[in-house]
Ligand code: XBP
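One chain is shown next in structure tokens, namely the form predicted alone.
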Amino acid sequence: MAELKCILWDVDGTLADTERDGHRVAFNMAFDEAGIDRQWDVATYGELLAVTGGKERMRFDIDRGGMADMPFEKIAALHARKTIHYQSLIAEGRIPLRPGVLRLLEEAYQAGITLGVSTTTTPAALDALIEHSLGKEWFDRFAVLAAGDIVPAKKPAPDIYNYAIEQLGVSADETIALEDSSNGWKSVRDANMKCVVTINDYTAAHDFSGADLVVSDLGEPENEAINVIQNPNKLDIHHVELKHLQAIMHA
């Protein structure tokens, strides 16, 4: 039985619904700007989310015939332009935080829990979300921002989580992670951490067998109770609170 000392957060789909209305739109803007005859609709982008990393998604789409071939340098340049468009979308307030995210972050921070981010998104995209959706004070409140290509293998490999706890000086059995996808869950599982999953439209059908809690979202006290999908510890939940994460650690 370990005490909860650290919470690590995924970003895309977990902190905010960034994929459908953020990254996808920004990719299409970059393609159009570059004169590339390719637009990723909602269903197509859902397929591409099986691949982690934006540059990797473009490469995958090329390899399956969805886009014309191009060298890595052009893929990287397109991804850089996509990130700029994504930052603009966030700055315009078009990608709000998911329900309960700020509430739970504040509760954990006030309780002295170490907070960090473990994501495959780029540092620039992460910075934009923190600045415009959370607030600049969170640059100091997060003890580690592990993002992008800082590790060689992206999720579902556990590297980004292993890197984060190494930087923080905490152990896996003192840490719980919040994720939204099967690749994220596998990454947490293989890093030997507890995991809470908040699904979204793209990940509702994913397999989260073995996760410690799977819910529709974190919820708010004043709203209707969240949909609890997987609850092996039989927690009594209306909305996810710090006490529920602590109970998971003690289970």
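Numbers follow the displayed sequence, beginning with 1. This is a predicted model, so every value here is computed, not measured.
Heads up, the form predicted in complex with ligand XBP isn't pictured, but that's what we're talking about next.
Enquirer: Within 4.5 Å, heavy atoms only, which of Lys186, Lys194, His206, Arg57 is in contact with ligand XBP in the predicted complex?
Expert: Spelling it out, the residue with a heavy atom inside the cut-off is Arg57.
Enquirer: Of these, Ser133, Thr114, Gln87, Thr122, which has a heavy atom no more than 4.5 Å from ligand XBP in the predicted complex?
Expert: Result of the distance check: Thr122.
Enquirer: Decide whether His79 counts as a contact residue for ligand XBP in the predicted complex under a heavy atom distance cut-off of 4.5 Å.
Expert: The answer is yes: His79 has a heavy atom within 4.5 Å of ligand XBP.
Enquirer: Please run the contact check for Tyr45 against ligand XBP in the predicted complex: heavy atoms, 4.5 angstroms, yes or no?
Expert: Output for Tyr45 is yes: heavy atoms within 4.5 Å of ligand XBP.
Enquirer: Does ligand XBP get within 4.5 angstroms of any non-hydrogen atom of Phe27 in the predicted complex?
Expert: The answer is yes: Phe27 has a heavy atom within 4.5 Å of ligand XBP.
Enquirer: Evaluate Thr52 for contact with ligand XBP in the predicted complex, applying a 4.5 angstroms cut-off between non-hydrogen atoms, and reply yes or no.
Expert: Answer yes; at least one heavy atom of Thr52 falls within 4.5 Å of ligand XBP in the predicted complex.
Enquirer: Out of 79-87, 133-141, 162-170, 98-106, where are the residues with a heavy atom within 4.5 Å of ligand XBP in the predicted complex?
Expert: The contacting stretch here is 79-87.
Enquirer: Of 173-203, which residues get within 4.5 Å of ligand XBP in the predicted complex if you count heavy atoms?
Expert: Contacts from 173-203: just Asp180.
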